[in-house]
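Given as structure tokens, the chain that follows is alone and in the form predicted on its own.
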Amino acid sequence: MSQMQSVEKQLREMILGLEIGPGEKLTERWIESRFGASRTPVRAALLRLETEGLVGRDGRGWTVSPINLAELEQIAVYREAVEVAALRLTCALADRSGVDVIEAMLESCDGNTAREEWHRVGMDFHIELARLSGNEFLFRAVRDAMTRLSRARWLEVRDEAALARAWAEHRAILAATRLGDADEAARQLSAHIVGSRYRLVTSLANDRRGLRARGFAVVAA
């Protein structure tokens, strides 16, 4: 792994894990010191993260992009289109045994599981379900959309009731997929995405003052 790739990977993990909060300012000098890297790979890493929408230029420095409520709404519409398309392809497969692997992944989470793992498995559920379709473009689209949602979903996993609801909905989606019932699976998935979007955006909008107090920038548009 090159120095640029190492800096990019570590910075991405810190941003997505909210170790560096939305709206926080970054300097190339701080990044160089933090990761023991030289300026050129640091700048290249920042440019890569800028294309993902995770950071933006702020004068001569950089700022971690705020959580944008309007963007969350738009991503949900996009997700519904691509995830439902991938799911219908999966339901049409003769061999849908890959569903069992995803179900086992869900079952691996219990009361002793760290929140970080709940977050990862919740993300991977959607990504791996899209992977089963065999369509590389749909898989990449879902993976990229979930990456953009990662920070906001970190805030969601604080709510145990929300986690229980999400897992129940995930299981219902898998049950319909296992049977090859494309219409029911699509209905369950659409309801899950729309409901999750509503709860997440509403929660973030209502908690903007509290999040600002923690140094997190949340914008409405």
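Take the two forms, find the largest set of C-alpha atoms that superpose within 1.5 Å, and that set is the rigid core. Sequential numbering from 1, following the sequence displayed. Worth saying up front: this structure is predicted, and the values here are computed from it rather than measured.
Absent from the display: the form predicted together with another copy of the chain. The rest refers to it.
Engineer: Any idea which of 120-128, 133-141, 105-113, 90-98 reaches within 4.5 Å of another copy of the chain in the predicted complex, heavy atoms considered?
Structural biologist: Within 4.5 Å of the partner lies stretch 133-141.
Engineer: Taking 20, 33 and 58 as the candidate spot, are all three within 4.5 angstroms of another copy of the chain in the predicted complex by heavy atoms?
Structural biologist: No, none of the three is in contact.
Engineer: So which of 165, 187, 178, 48 reaches within 4.5 angstroms of another copy of the chain in the predicted complex, heavy atom to heavy atom?
Structural biologist: Result of the distance check: 48.
Engineer: Even though another copy of the chain is not shown here, does residue 151 get within 4.5 Å of it in the predicted complex, heavy atoms only?
Structural biologist: Residue 151: no contact with another copy of the chain in the predicted complex.
Engineer: Report whether the minimum heavy atom distance between residue 74 and another copy of the chain in the predicted complex is within 4.5 Å.
Structural biologist: Residue 74 belongs to the contact set for another copy of the chain.
Engineer: Can residue 194 be called a contact residue for another copy of the chain in the predicted complex at 4.5 Å between heavy atoms?
Structural biologist: Judged by the heavy-atom cut-off of 4.5 Å, residue 194 is well away from another copy of the chain in the predicted complex.
Engineer: Counting only non-hydrogen atoms and a 4.5 angstroms cut-off, does residue 44 reach another copy of the chain in the predicted complex?
Structural biologist: Looking in the predicted complex, residue contacts with another copy of the chain include residue 44, since a heavy atom lies within 4.5 Å.
Engineer: Determine whether the C-alpha of residue 36 shifts by 2 Å or more between the shown form and the other one once the rigid core is superposed.
Structural biologist: Where the cores coincide, residue 36 shows only a C-alpha shift between the shown form and the other one that is less than 2 Å.
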